[in-house]
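Just the one chain here, laid out as structure tokens, in the form predicted alone.
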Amino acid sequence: MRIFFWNLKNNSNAEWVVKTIQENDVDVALFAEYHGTDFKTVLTDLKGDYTRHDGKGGCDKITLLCRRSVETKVKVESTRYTLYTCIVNDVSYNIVGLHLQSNPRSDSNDRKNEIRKIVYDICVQEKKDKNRKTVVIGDFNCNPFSEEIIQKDAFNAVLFRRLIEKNEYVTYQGTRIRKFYNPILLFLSEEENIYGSFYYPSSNSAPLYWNSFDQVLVRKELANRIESMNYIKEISGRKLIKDIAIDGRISDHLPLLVSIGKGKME
């Protein structure tokens, strides 16, 4: 499965959405801040090969496109996330698309409160369907080492695959909690110029730096199936980075593309 996420900054990006999906052979694509993009045009230009799933209006932060061959159902909608089940190449996945609160209007506690609701809904769905092939993807508005990602009573995500392979659970205050795996450290690379997805220009007296706000988390069942994860820096010859920072005329976020192999799953 090739899954794609992009925060579009509410810009008109139909052309770039279409080209990115086509160039990267995407199966499932999720978008945040998408209201400036005409998705009717997107679907037309994709020549009917993709469909859109917006649910019943419970979430206006995330929209999803997928190939017509992908059977998709909206299972849970909340203000900042949607949980879907998607059958891709005969494999059923739980896919959560999210756009968490940003600073300075919110803080880590606000995000953690939202994350606890997300994790609860995921656990209910996993138990109901007896399926833990779960993917959480989106704009987390925090970095991989932020407490929202690693804290045990938040996403409880580990950044090294051996940790989740050794023990899928952690016991916290008497409760046994299943972990997520965050593969980002495996794929960030100075050599490949993959630094992050969002670039904050800070004050003149401080250095400029990248953030990895756009991330993907998976359960143990998929930890060994992540074949690649990269931030796309160019679409059809159009560079998404201008000078050092991201070209805000398209978006202030780089798109995230993740490839998950089918393989032999548990």
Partner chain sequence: MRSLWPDLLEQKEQEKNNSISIIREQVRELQRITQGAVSAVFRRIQYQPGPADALLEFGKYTSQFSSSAFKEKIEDELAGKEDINDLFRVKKYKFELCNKNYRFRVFVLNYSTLFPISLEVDEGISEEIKYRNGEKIESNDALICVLEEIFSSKKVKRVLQNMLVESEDN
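Numbering follows the first chain given and starts at 1. As the structure is a computational prediction, the values presented were derived from the model and not from experiment.
Absent from the display: the form predicted in complex with its partner chain. The rest refers to it.
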Quick one: of 169, 195, 187, 160, which gets a non-hydrogen atom within 4.5 angstroms of its partner chain in the model of the complex?
-> 169
Pick from 103, 89, 109, 173: which residue has any heavy atom within 4.5 angstroms of its partner chain in the model of the complex?
-> 173
Proximity of residue 150 to its partner chain in the model of the complex, heavy atoms at 4.5 Å | no
Flag residue 119 as yes or no: does it have a non-hydrogen atom within 4.5 angstroms of any non-hydrogen atom of its partner chain in the model of the complex?
-> yes
Using a 4.5 Å heavy atom cut-off, state whether residue 78 contacts its partner chain in the model of the complex.
-> yes
In the model of the complex, does residue 36 have a heavy atom within 4.5 Å of its partner chain?
-> no
Complete contact of 58, 124 and 178 with its partner chain in the model of the complex (any heavy atom, 4.5 Å) | yes
Interface stretch in the model of the complex with its partner chain - options 141-149, 187-195, 90-98, 124-132, non-hydrogen atom within 4.5 Å | 124-132
Quick one: which residues from 12-33 get a non-hydrogen atom within 4.5 Å of its partner chain in the model of the complex?
-> none
